[in-house]
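A lone chain, given as structure tokens: the form predicted alone.
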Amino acid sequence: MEKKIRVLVGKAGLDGHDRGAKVIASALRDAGFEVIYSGLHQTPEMIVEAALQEDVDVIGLSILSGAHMTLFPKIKKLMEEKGMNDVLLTGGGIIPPDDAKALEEQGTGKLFGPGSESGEIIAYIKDWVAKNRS
């Protein structure tokens, strides 16, 4: 039996809007993924620790607050410190294309904005895990 893809869907910072995160979490579950939802108002440290404890393949961060240029690099740095180099950091929210490009250049995976299709997100995660799972 093939190991299911495990995804932690995280909401960092003071952003209290989690509808999109819950929609994506539900779509990922429907696609056969195991999903852990962090809940609101998590610190980067809490998200990375939960991801480590849950042995996830992917951290999906939902950010609508405008703090993406702070939170993604902070989480990426914490992941590197914990040796989580085989875990994908991806996400979405209100992220301008130039910022998304800069974050991807810093090692964050593809970022998805409003209107992204869940099938595109699912396919991206499946493809990344297939190429990177050890």
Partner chain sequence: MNNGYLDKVIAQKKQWREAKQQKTRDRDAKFVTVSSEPIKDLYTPDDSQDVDFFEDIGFPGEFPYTRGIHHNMYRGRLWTMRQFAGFGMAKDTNERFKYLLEHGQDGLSVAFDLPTLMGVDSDDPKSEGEVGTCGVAIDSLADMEVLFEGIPLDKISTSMTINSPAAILLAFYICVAEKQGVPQEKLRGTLQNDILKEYTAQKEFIFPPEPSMRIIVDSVEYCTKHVPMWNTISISGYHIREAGSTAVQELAFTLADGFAYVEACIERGLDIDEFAPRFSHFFNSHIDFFEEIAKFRAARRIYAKRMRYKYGAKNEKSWKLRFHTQTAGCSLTGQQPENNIIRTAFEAMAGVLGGTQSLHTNSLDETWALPSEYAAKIALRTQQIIAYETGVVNTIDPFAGSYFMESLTNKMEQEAEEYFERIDALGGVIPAIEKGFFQRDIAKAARKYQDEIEAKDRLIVGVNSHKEKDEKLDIPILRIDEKVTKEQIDSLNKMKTGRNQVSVDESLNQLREAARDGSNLMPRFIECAKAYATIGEMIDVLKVEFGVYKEPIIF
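Positions refer to the first chain, counted from 1. Treat the numbers as computed from the prediction; the structure is a model and nothing was measured.
Below, we turn to the form predicted together with its partner chain, even though it does not appear here.
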| item | value |
| --- | --- |
| 4.5 angstroms heavy atom contact with its partner chain in the predicted bound form for P73 | no |
| S38 within 4.5 Å of its partner chain in the predicted bound form, heavy atoms | yes |
| Any non-hydrogen atom of L88 within 4.5 angstroms of its partner chain in the predicted bound form | no |
| Close approach of K77 to its partner chain in the predicted bound form, 4.5 Å, heavy atom | no |
| In the predicted bound form, the one of L103, I47, V58, I95 near its partner chain [non-hydrogen atom within 4.5 angstroms] | I95 |
| Sequence-ordered residues of 22-42 touching its partner chain in the predicted bound form, heavy atom within 4.5 Å | K22, V23, A25, S26, A27, R29, D30, V35, Y37, S38, G39, L40, H41 |
